[in-house]
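One chain is shown next in structure tokens, namely the form predicted alone.
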Amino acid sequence: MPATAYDAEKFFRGLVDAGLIIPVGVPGIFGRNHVFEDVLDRFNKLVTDLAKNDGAEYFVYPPAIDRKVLEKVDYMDSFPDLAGTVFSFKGKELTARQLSEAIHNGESWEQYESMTDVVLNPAACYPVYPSFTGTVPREGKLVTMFNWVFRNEPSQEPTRMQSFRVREFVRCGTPDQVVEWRDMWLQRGLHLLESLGLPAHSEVASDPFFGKGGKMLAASQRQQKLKFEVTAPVISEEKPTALCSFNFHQEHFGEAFHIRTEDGEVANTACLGFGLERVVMALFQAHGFDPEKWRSEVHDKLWP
């Protein structure tokens, strides 16, 4: 039996009542307690152990990245509604007083701020591509990251967060290298989630492209099977939640950042990411809000 009925509001309230998440007043933003973080950390360690012989380089990037990265990959063409652009005050003392007065008077104050050179990272893989510029080795490149991600989609639905963490892997090389790796990890991810007692399954998916043109892009993405997701029920059995995403970018990032294979061809890339908070929420929904009461085969896998 699930921890609560497959209902977003009831599940959110259950997480709050159990002290696992702490609302802070903004939809999609909340704190996590030590139990939540312990489960998250232990799942992340399972992913690390699963990939220990792959030879991936490990990186951690800050939540903010160079604005030029979004410009180079045409992010604002496809997802302008999800971007989080960082603004800051750049005025002099008089303007600072006007800013302060506006705030204290309950007035809007965005006119006193200007765009900076950084944006909040909207995809865990984005920060690493500039470091690939040039020629990759014959065997290609493989990296893994633990990054914060921001999406401007405030919601009361607990799995729809504005700020969350992703354990990411990125493969760069020839099309055959990249697709073979993607397909291997699709099975790995599915088996890992199933081993934790989650009713997971994989399916062809698409990104939430913006506008009417976005519907055509999404249809093309599905037709070419460029994106897969591993899903499990968290707030709905009919519409399970994506816990892990697999994306084949073809030459998109290779062209944007001038990445070449050893034979001079534009490199292909693919990425996979585990949405760590979503995986943790799926575990709480499937097994209950108290990990000490989880089935032994699940508990022992996370706490060996």
Partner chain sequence: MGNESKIRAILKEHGRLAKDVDTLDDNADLYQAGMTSHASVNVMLALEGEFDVEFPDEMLKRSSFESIAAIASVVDSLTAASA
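Positions refer to the first chain, counted from 1. As the structure is a computational prediction, the values presented were derived from the model and not from experiment.
This protein has a second form, the form predicted together with its partner chain, left out of what is shown; the following refers to that one.
Tell me which of 112-120, 82-90, 156-164, 207-215 has residues with heavy atoms within 4.5 angstroms of its partner chain in the model of the complex? Contact criterion met by 207-215 only.
Looking at the partner-bound form in the model of the complex, is Ala219 within 4.5 Å of its partner chain by any heavy atom? Judged by the heavy-atom cut-off of 4.5 Å, Ala219 is in contact with its partner chain in the model of the complex.
Heavy atoms within 4.5 Å of its partner chain in the model of the complex: does Gln223 have any? Answer yes; at least one heavy atom of Gln223 falls within 4.5 Å of its partner chain in the model of the complex.
Flag Asn152 as yes or no: does it have a non-hydrogen atom within 4.5 angstroms of any non-hydrogen atom of its partner chain in the model of the complex? Residue-level check for Asn152: no, no contact with its partner chain.
Check Ser202 for me: does it contact its partner chain in the model of the complex (non-hydrogen atoms, 4.5 angstroms)? Contact check for Ser202: no, nothing within 4.5 Å of its partner chain in the model of the complex.
Quick check on this chain: which one of Glu101, Asp74, Asp183, Glu139 has a heavy atom within 4.5 Å of its partner chain in the model of the complex? Selected residue: Asp74.
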